[in-house]
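We begin with a single chain expressed as C-alpha coordinates, specifically the form predicted on its own.
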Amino acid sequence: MTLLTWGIGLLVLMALAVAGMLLVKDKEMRRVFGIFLLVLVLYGMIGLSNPAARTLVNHQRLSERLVWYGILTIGAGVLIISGGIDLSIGSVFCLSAVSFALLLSKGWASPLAIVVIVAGAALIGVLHGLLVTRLRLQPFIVTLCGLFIWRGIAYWLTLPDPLAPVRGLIRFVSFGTLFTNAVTTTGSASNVGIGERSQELKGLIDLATGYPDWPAVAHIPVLGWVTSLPYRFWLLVLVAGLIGVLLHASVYGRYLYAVGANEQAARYAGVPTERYKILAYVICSVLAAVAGMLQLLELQTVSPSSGGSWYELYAITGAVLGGCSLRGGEGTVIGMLLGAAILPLLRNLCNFSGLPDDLEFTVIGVSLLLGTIADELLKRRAAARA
(Lines give C-alpha, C1' and ligand atoms only; values in the text may rest on other atoms or scores of the structure.)
Protein backbone atom coordinates (compact mmCIF):
# COMPACT_ATOMS: atom_id res chain seq x y z
CA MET A 1 0.00 0.00 0.00
CA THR A 2 1.52 3.32 -1.04
CA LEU A 3 1.76 6.15 1.44
CA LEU A 4 -0.55 8.36 -0.66
CA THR A 5 -3.31 5.74 -0.98
CA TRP A 6 -3.02 4.84 2.67
CA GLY A 7 -3.11 8.50 3.75
CA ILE A 8 -6.14 9.39 1.63
CA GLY A 9 -8.09 6.39 2.88
CA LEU A 10 -7.21 7.22 6.47
CA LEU A 11 -8.27 10.85 6.11
CA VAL A 12 -11.60 9.82 4.61
CA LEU A 13 -12.28 7.44 7.50
CA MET A 14 -11.33 10.09 10.06
CA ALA A 15 -13.63 12.61 8.38
CA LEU A 16 -16.49 10.11 8.51
CA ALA A 17 -15.81 9.45 12.19
CA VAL A 18 -15.85 13.18 13.02
CA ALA A 19 -19.05 13.65 10.99
CA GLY A 20 -20.65 10.79 12.86
CA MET A 21 -19.76 12.32 16.20
CA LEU A 22 -21.30 15.65 15.17
CA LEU A 23 -24.45 14.33 13.50
CA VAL A 24 -25.48 11.38 15.66
CA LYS A 25 -27.53 12.30 18.71
CA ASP A 26 -27.45 8.92 20.48
CA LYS A 27 -24.91 9.02 23.32
CA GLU A 28 -23.71 5.44 22.85
CA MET A 29 -23.13 5.88 19.12
CA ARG A 30 -21.30 9.17 19.63
CA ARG A 31 -19.00 7.38 22.02
CA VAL A 32 -18.43 4.62 19.46
CA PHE A 33 -17.50 7.20 16.81
CA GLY A 34 -15.13 8.81 19.32
CA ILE A 35 -13.39 5.48 20.00
CA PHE A 36 -13.24 4.81 16.26
CA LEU A 37 -11.54 8.17 15.76
CA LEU A 38 -8.99 7.33 18.49
CA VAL A 39 -8.24 3.99 16.81
CA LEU A 40 -7.73 5.76 13.47
CA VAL A 41 -5.36 8.29 15.04
CA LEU A 42 -3.25 5.50 16.56
CA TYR A 43 -3.32 3.62 13.27
CA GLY A 44 -2.19 6.77 11.46
CA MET A 45 0.71 7.29 13.87
CA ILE A 46 1.81 3.69 13.31
CA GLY A 47 1.65 4.07 9.53
CA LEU A 48 3.71 7.25 9.61
CA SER A 49 6.33 5.78 11.94
CA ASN A 50 7.69 3.14 9.57
CA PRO A 51 6.96 1.88 6.02
CA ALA A 52 6.94 -1.70 7.36
CA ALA A 53 3.88 -0.78 9.42
CA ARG A 54 1.82 -0.48 6.24
CA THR A 55 2.65 -3.94 4.93
CA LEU A 56 0.26 -6.87 4.78
CA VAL A 57 2.41 -8.83 7.23
CA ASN A 58 2.04 -6.20 9.95
CA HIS A 59 -1.71 -6.01 9.42
CA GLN A 60 -1.94 -9.78 9.73
CA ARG A 61 0.00 -9.68 12.99
CA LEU A 62 -2.34 -7.00 14.30
CA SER A 63 -5.36 -9.11 13.41
CA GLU A 64 -3.84 -12.13 15.19
CA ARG A 65 -3.22 -10.14 18.38
CA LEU A 66 -6.67 -8.58 18.23
CA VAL A 67 -8.28 -12.01 18.62
CA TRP A 68 -6.92 -12.57 22.15
CA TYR A 69 -7.70 -9.05 23.28
CA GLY A 70 -11.09 -9.10 21.57
CA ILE A 71 -12.44 -12.35 23.01
CA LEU A 72 -11.32 -11.47 26.54
CA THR A 73 -12.58 -7.89 26.24
CA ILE A 74 -16.03 -9.00 25.10
CA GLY A 75 -16.31 -11.31 28.10
CA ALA A 76 -15.20 -8.60 30.50
CA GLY A 77 -17.48 -6.07 28.78
CA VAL A 78 -20.61 -8.21 29.21
CA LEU A 79 -19.81 -8.58 32.89
CA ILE A 80 -19.12 -4.87 33.37
CA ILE A 81 -22.41 -4.02 31.66
CA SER A 82 -24.19 -6.19 34.25
CA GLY A 83 -22.46 -4.30 37.05
CA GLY A 84 -19.76 -6.86 37.84
CA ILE A 85 -15.99 -7.16 37.53
CA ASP A 86 -13.65 -10.13 37.16
CA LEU A 87 -10.01 -9.99 38.21
CA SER A 88 -9.49 -13.72 37.64
CA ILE A 89 -9.76 -13.69 33.84
CA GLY A 90 -6.04 -14.32 33.34
CA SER A 91 -6.04 -17.17 35.87
CA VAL A 92 -9.08 -18.83 34.29
CA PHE A 93 -7.32 -18.43 30.93
CA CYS A 94 -4.22 -20.13 32.33
CA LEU A 95 -6.09 -22.94 34.12
CA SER A 96 -8.12 -23.69 30.98
CA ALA A 97 -5.00 -23.82 28.79
CA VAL A 98 -3.15 -26.02 31.29
CA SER A 99 -6.10 -28.38 31.75
CA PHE A 100 -6.66 -28.60 27.99
CA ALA A 101 -2.99 -29.48 27.44
CA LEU A 102 -3.07 -32.15 30.15
CA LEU A 103 -6.24 -33.74 28.77
CA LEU A 104 -4.83 -33.81 25.25
CA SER A 105 -1.50 -35.21 26.44
CA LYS A 106 -3.37 -38.03 28.19
CA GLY A 107 -5.04 -39.05 24.95
CA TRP A 108 -8.48 -37.49 25.35
CA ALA A 109 -10.42 -36.87 22.16
CA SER A 110 -10.20 -33.15 21.35
CA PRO A 111 -14.01 -32.55 21.15
CA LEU A 112 -14.52 -34.15 24.57
CA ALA A 113 -11.61 -32.18 26.05
CA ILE A 114 -13.07 -28.91 24.70
CA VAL A 115 -16.48 -29.70 26.20
CA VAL A 116 -14.92 -30.49 29.58
CA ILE A 117 -12.88 -27.27 29.61
CA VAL A 118 -15.86 -25.11 28.60
CA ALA A 119 -18.04 -26.82 31.23
CA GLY A 120 -15.37 -26.27 33.88
CA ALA A 121 -15.09 -22.59 32.99
CA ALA A 122 -18.87 -22.27 33.16
CA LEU A 123 -18.81 -23.80 36.66
CA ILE A 124 -16.19 -21.24 37.70
CA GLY A 125 -18.49 -18.49 36.45
CA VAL A 126 -21.44 -19.99 38.32
CA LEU A 127 -19.36 -20.15 41.51
CA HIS A 128 -18.32 -16.50 41.17
CA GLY A 129 -21.90 -15.49 40.48
CA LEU A 130 -23.32 -17.41 43.43
CA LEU A 131 -20.79 -15.93 45.84
CA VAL A 132 -21.69 -12.44 44.60
CA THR A 133 -25.46 -12.87 44.47
CA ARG A 134 -26.26 -15.30 47.31
CA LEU A 135 -23.60 -14.41 49.86
CA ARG A 136 -23.57 -10.73 48.82
CA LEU A 137 -19.78 -10.65 48.60
CA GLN A 138 -18.04 -7.89 46.69
CA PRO A 139 -17.16 -8.95 43.10
CA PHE A 140 -13.72 -7.41 43.54
CA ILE A 141 -12.94 -9.64 46.54
CA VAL A 142 -14.48 -12.80 45.04
CA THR A 143 -12.59 -12.59 41.78
CA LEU A 144 -9.38 -11.43 43.46
CA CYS A 145 -9.49 -14.65 45.48
CA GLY A 146 -10.24 -16.51 42.26
CA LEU A 147 -7.16 -14.93 40.68
CA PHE A 148 -4.98 -16.75 43.22
CA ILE A 149 -7.04 -19.93 43.49
CA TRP A 150 -7.32 -20.79 39.78
CA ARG A 151 -3.66 -20.05 39.05
CA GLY A 152 -2.71 -22.06 42.15
CA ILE A 153 -4.68 -25.02 40.78
CA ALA A 154 -2.89 -24.61 37.45
CA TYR A 155 0.43 -24.84 39.32
CA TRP A 156 -0.83 -27.87 41.26
CA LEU A 157 -1.90 -29.76 38.14
CA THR A 158 1.57 -29.39 36.59
CA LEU A 159 3.47 -30.72 39.60
CA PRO A 160 5.40 -33.98 39.00
CA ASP A 161 3.20 -35.62 41.67
CA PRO A 162 -0.05 -33.62 42.05
CA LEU A 163 -1.34 -35.97 44.76
CA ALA A 164 1.70 -35.42 46.99
CA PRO A 165 0.16 -32.33 48.74
CA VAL A 166 -3.07 -34.28 49.30
CA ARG A 167 -1.23 -37.18 50.87
CA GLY A 168 0.77 -34.78 53.00
CA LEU A 169 -2.39 -33.07 54.25
CA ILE A 170 -4.04 -36.40 55.09
CA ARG A 171 -0.86 -37.56 56.84
CA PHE A 172 -0.86 -34.34 58.90
CA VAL A 173 -4.56 -34.59 59.81
CA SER A 174 -4.27 -38.28 60.74
CA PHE A 175 -1.15 -37.62 62.85
CA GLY A 176 0.97 -39.70 60.51
CA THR A 177 -1.11 -42.88 60.65
CA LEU A 178 -1.99 -42.75 56.94
CA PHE A 179 0.44 -42.73 54.00
CA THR A 180 3.40 -43.04 56.36
CA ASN A 181 5.42 -44.98 53.82
CA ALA A 182 4.12 -43.25 50.70
CA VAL A 183 6.80 -42.18 48.25
CA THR A 184 6.59 -38.48 47.44
CA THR A 185 7.98 -37.09 44.20
CA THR A 186 9.41 -33.65 44.79
CA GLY A 187 9.69 -30.95 42.17
CA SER A 188 8.17 -27.73 40.96
CA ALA A 189 5.48 -26.89 38.41
CA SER A 190 6.57 -27.05 34.78
CA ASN A 191 5.33 -26.16 31.33
CA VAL A 192 2.85 -28.49 29.67
CA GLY A 193 1.96 -28.93 26.02
CA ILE A 194 0.25 -31.15 23.50
CA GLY A 195 3.47 -33.02 22.77
CA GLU A 196 3.32 -35.74 20.12
CA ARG A 197 -0.31 -35.02 19.24
CA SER A 198 0.51 -31.94 17.15
CA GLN A 199 0.08 -33.83 13.88
CA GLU A 200 -3.14 -35.47 15.03
CA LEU A 201 -4.53 -32.07 16.07
CA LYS A 202 -3.46 -30.32 12.88
CA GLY A 203 -7.02 -29.24 12.11
CA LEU A 204 -7.44 -27.49 15.45
CA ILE A 205 -3.96 -25.97 15.23
CA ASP A 206 -4.77 -24.60 11.77
CA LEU A 207 -7.90 -23.01 13.23
CA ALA A 208 -5.73 -21.17 15.76
CA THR A 209 -2.84 -20.28 13.47
CA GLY A 210 -3.78 -20.81 9.83
CA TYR A 211 -5.15 -18.64 7.03
CA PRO A 212 -7.91 -19.55 4.57
CA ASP A 213 -6.71 -21.20 1.36
CA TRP A 214 -9.61 -20.46 -0.95
CA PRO A 215 -8.30 -19.88 -4.52
CA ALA A 216 -11.80 -19.26 -5.84
CA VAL A 217 -12.26 -16.36 -3.41
CA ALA A 218 -8.69 -15.02 -3.54
CA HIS A 219 -9.06 -13.87 -7.16
CA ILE A 220 -12.28 -11.94 -6.58
CA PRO A 221 -11.35 -8.22 -6.22
CA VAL A 222 -13.91 -7.45 -3.51
CA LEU A 223 -13.59 -10.68 -1.50
CA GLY A 224 -9.89 -11.40 -1.97
CA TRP A 225 -8.95 -9.72 1.31
CA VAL A 226 -10.89 -12.42 3.22
CA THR A 227 -8.02 -14.87 2.71
CA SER A 228 -5.58 -12.38 4.25
CA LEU A 229 -7.17 -12.75 7.68
CA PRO A 230 -6.57 -15.77 9.95
CA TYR A 231 -9.28 -18.29 10.77
CA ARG A 232 -9.31 -17.20 14.40
CA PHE A 233 -10.20 -13.66 13.35
CA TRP A 234 -13.44 -15.02 11.94
CA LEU A 235 -13.96 -16.86 15.20
CA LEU A 236 -13.75 -13.48 16.93
CA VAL A 237 -16.32 -12.13 14.46
CA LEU A 238 -18.60 -15.06 15.31
CA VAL A 239 -18.24 -14.47 19.05
CA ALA A 240 -18.87 -10.74 18.61
CA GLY A 241 -21.92 -11.47 16.47
CA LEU A 242 -23.44 -13.86 19.00
CA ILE A 243 -22.83 -11.53 21.95
CA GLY A 244 -24.07 -8.60 19.84
CA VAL A 245 -27.37 -10.39 19.21
CA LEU A 246 -27.63 -11.24 22.91
CA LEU A 247 -26.99 -7.69 24.10
CA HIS A 248 -28.60 -5.58 21.40
CA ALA A 249 -31.32 -7.73 19.83
CA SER A 250 -32.82 -9.77 22.66
CA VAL A 251 -34.76 -9.18 25.83
CA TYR A 252 -32.03 -10.97 27.76
CA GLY A 253 -29.58 -8.26 26.79
CA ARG A 254 -32.01 -5.58 27.92
CA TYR A 255 -32.19 -7.35 31.27
CA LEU A 256 -28.38 -7.35 31.56
CA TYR A 257 -28.31 -3.61 30.91
CA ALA A 258 -31.12 -3.05 33.41
CA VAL A 259 -29.34 -5.06 36.11
CA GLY A 260 -26.16 -3.07 35.61
CA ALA A 261 -27.88 0.32 35.49
CA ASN A 262 -30.04 -0.16 38.58
CA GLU A 263 -30.24 -3.63 40.10
CA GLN A 264 -32.89 -2.73 42.66
CA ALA A 265 -35.19 -1.15 40.07
CA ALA A 266 -34.72 -4.15 37.79
CA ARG A 267 -35.67 -6.49 40.63
CA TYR A 268 -38.81 -4.48 41.36
CA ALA A 269 -39.66 -4.67 37.64
CA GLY A 270 -39.66 -8.47 37.85
CA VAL A 271 -36.23 -9.15 36.35
CA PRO A 272 -34.52 -12.21 37.93
CA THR A 273 -31.39 -10.19 38.64
CA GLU A 274 -29.40 -12.99 40.26
CA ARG A 275 -29.74 -15.25 37.22
CA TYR A 276 -28.53 -12.59 34.85
CA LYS A 277 -25.56 -11.65 37.00
CA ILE A 278 -24.58 -15.31 37.15
CA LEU A 279 -25.04 -15.53 33.36
CA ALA A 280 -22.64 -12.61 32.90
CA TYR A 281 -19.97 -14.33 35.04
CA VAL A 282 -20.43 -17.56 33.06
CA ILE A 283 -19.99 -15.76 29.72
CA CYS A 284 -16.84 -14.03 30.97
CA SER A 285 -15.24 -17.27 32.24
CA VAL A 286 -16.21 -19.31 29.17
CA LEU A 287 -14.72 -16.75 26.78
CA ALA A 288 -11.53 -16.70 28.87
CA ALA A 289 -11.38 -20.49 28.51
CA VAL A 290 -11.91 -20.29 24.73
CA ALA A 291 -9.06 -17.78 24.43
CA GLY A 292 -6.85 -20.01 26.61
CA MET A 293 -7.44 -23.07 24.42
CA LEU A 294 -6.76 -21.07 21.26
CA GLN A 295 -3.45 -19.78 22.59
CA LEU A 296 -2.40 -23.28 23.62
CA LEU A 297 -3.11 -24.52 20.09
CA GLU A 298 -1.04 -21.66 18.70
CA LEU A 299 1.98 -22.00 20.99
CA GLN A 300 1.48 -25.75 21.69
CA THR A 301 2.76 -25.17 25.23
CA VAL A 302 1.71 -23.16 28.27
CA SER A 303 3.40 -22.14 31.52
CA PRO A 304 1.35 -22.03 34.73
CA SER A 305 3.47 -19.13 35.92
CA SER A 306 3.14 -16.82 32.91
CA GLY A 307 0.15 -18.07 30.93
CA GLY A 308 -2.56 -15.42 30.95
CA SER A 309 -0.58 -13.06 33.18
CA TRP A 310 -2.07 -9.56 33.23
CA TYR A 311 -4.79 -10.57 30.77
CA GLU A 312 -7.48 -9.39 33.15
CA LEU A 313 -5.81 -5.97 32.92
CA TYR A 314 -5.98 -6.02 29.13
CA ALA A 315 -9.61 -7.17 29.12
CA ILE A 316 -10.90 -4.59 31.59
CA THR A 317 -8.87 -1.82 29.95
CA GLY A 318 -10.24 -2.67 26.52
CA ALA A 319 -13.81 -2.74 27.82
CA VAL A 320 -13.47 0.60 29.62
CA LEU A 321 -11.77 2.28 26.66
CA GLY A 322 -14.51 0.82 24.48
CA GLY A 323 -17.22 2.67 26.36
CA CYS A 324 -18.26 0.22 29.09
CA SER A 325 -18.92 2.23 32.25
CA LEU A 326 -17.53 0.69 35.42
CA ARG A 327 -20.82 1.65 37.05
CA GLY A 328 -22.59 -0.78 34.74
CA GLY A 329 -25.47 -0.47 32.30
CA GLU A 330 -23.48 0.99 29.39
CA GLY A 331 -21.46 -0.44 26.54
CA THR A 332 -21.67 -1.89 23.03
CA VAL A 333 -20.02 -4.84 21.33
CA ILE A 334 -18.60 -2.68 18.55
CA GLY A 335 -17.17 -0.39 21.22
CA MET A 336 -15.57 -3.38 22.98
CA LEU A 337 -13.90 -4.46 19.74
CA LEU A 338 -12.60 -0.94 19.11
CA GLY A 339 -11.38 -0.71 22.70
CA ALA A 340 -9.65 -4.07 22.34
CA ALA A 341 -7.94 -2.83 19.16
CA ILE A 342 -6.34 0.07 21.03
CA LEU A 343 -4.03 -2.18 23.05
CA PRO A 344 -2.39 -4.07 20.14
CA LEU A 345 -2.13 -0.78 18.27
CA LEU A 346 -0.34 0.79 21.26
CA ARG A 347 2.05 -2.16 21.41
CA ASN A 348 2.64 -1.92 17.65
CA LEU A 349 3.31 1.80 17.96
CA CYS A 350 5.83 1.18 20.74
CA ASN A 351 7.64 -1.36 18.55
CA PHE A 352 7.87 0.86 15.46
CA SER A 353 8.66 4.05 17.37
CA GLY A 354 11.52 2.43 19.26
CA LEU A 355 9.96 2.66 22.71
CA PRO A 356 11.08 -0.14 25.05
CA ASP A 357 8.60 -2.91 25.88
CA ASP A 358 9.06 -2.07 29.55
CA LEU A 359 6.90 1.01 29.03
CA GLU A 360 3.93 -1.09 27.85
CA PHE A 361 2.32 -1.28 31.29
CA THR A 362 2.79 2.45 31.77
CA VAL A 363 1.05 3.16 28.48
CA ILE A 364 -1.81 0.80 29.37
CA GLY A 365 -2.19 2.30 32.84
CA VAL A 366 -2.28 5.85 31.49
CA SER A 367 -4.82 4.79 28.85
CA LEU A 368 -7.08 3.23 31.47
CA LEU A 369 -6.80 6.30 33.68
CA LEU A 370 -7.68 8.64 30.81
CA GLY A 371 -10.62 6.43 29.85
CA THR A 372 -11.91 6.44 33.42
CA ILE A 373 -11.52 10.24 33.68
CA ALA A 374 -13.38 10.69 30.38
CA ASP A 375 -16.18 8.40 31.58
CA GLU A 376 -16.53 10.36 34.82
CA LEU A 377 -16.60 13.72 33.03
CA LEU A 378 -19.25 12.49 30.60
CA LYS A 379 -21.35 11.25 33.51
CA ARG A 380 -21.14 14.60 35.30
CA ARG A 381 -21.97 16.49 32.11
CA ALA A 382 -25.02 14.30 31.48
CA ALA A 383 -26.17 14.73 35.09
CA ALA A 384 -25.78 18.52 34.87
CA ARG A 385 -27.91 18.64 31.70
CA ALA A 386 -30.61 16.55 33.33
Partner chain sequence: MNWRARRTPRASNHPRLRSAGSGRSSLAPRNPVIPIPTVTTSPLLQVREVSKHFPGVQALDRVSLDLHAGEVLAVVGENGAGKSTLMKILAGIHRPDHGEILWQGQVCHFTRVGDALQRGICLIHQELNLAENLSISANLFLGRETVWGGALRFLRQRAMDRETRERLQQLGLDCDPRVTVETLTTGQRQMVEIARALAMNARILIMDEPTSSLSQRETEVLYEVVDRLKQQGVAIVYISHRLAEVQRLADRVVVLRDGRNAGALNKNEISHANLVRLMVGRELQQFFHKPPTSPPTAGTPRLEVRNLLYEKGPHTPVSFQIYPGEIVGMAGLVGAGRTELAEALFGIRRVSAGEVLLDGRPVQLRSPEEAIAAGVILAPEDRRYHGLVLQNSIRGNIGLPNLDRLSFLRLVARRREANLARAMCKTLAVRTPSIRQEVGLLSGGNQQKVVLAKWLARKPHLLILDEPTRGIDVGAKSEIYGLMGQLASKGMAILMISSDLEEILNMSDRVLVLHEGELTGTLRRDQLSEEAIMHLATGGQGAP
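Bear in mind the structure is a predicted one, so any value in this text is a computation, not a measurement. Positions refer to the first chain, counted from 1.
Same protein, other form: the form predicted in complex with its partner chain, not shown, and the subject of what follows.
- Checking 102, 243, 258, 114 against its partner chain in the predicted complex, a heavy atom within 4.5 Å turns up for just one residue: 258.
- This chain is displayed alone, yet in the predicted complex one of 140, 252, 234, 310 has a heavy atom within 4.5 Å of its partner chain; that residue is 252.
- Its partner chain in the predicted complex comes within 4.5 Å of no heavy atom belonging to residue 107.
- Contact annotation: residue 264 falls within 4.5 Å of its partner chain in the predicted complex, judged by heavy atom distances.
- The shortest heavy atom separation between residue 276 and its partner chain in the predicted complex is within 4.5 Å.
- Residue contact check for residue 269: one or more of its heavy atoms lie within 4.5 Å of its partner chain in the predicted complex.
- This chain is displayed without its partner chain, yet in the predicted complex the stretch 326-334 from 326-334, 63-71, 345-353, 313-321 comes within 4.5 Å of it by heavy atoms.
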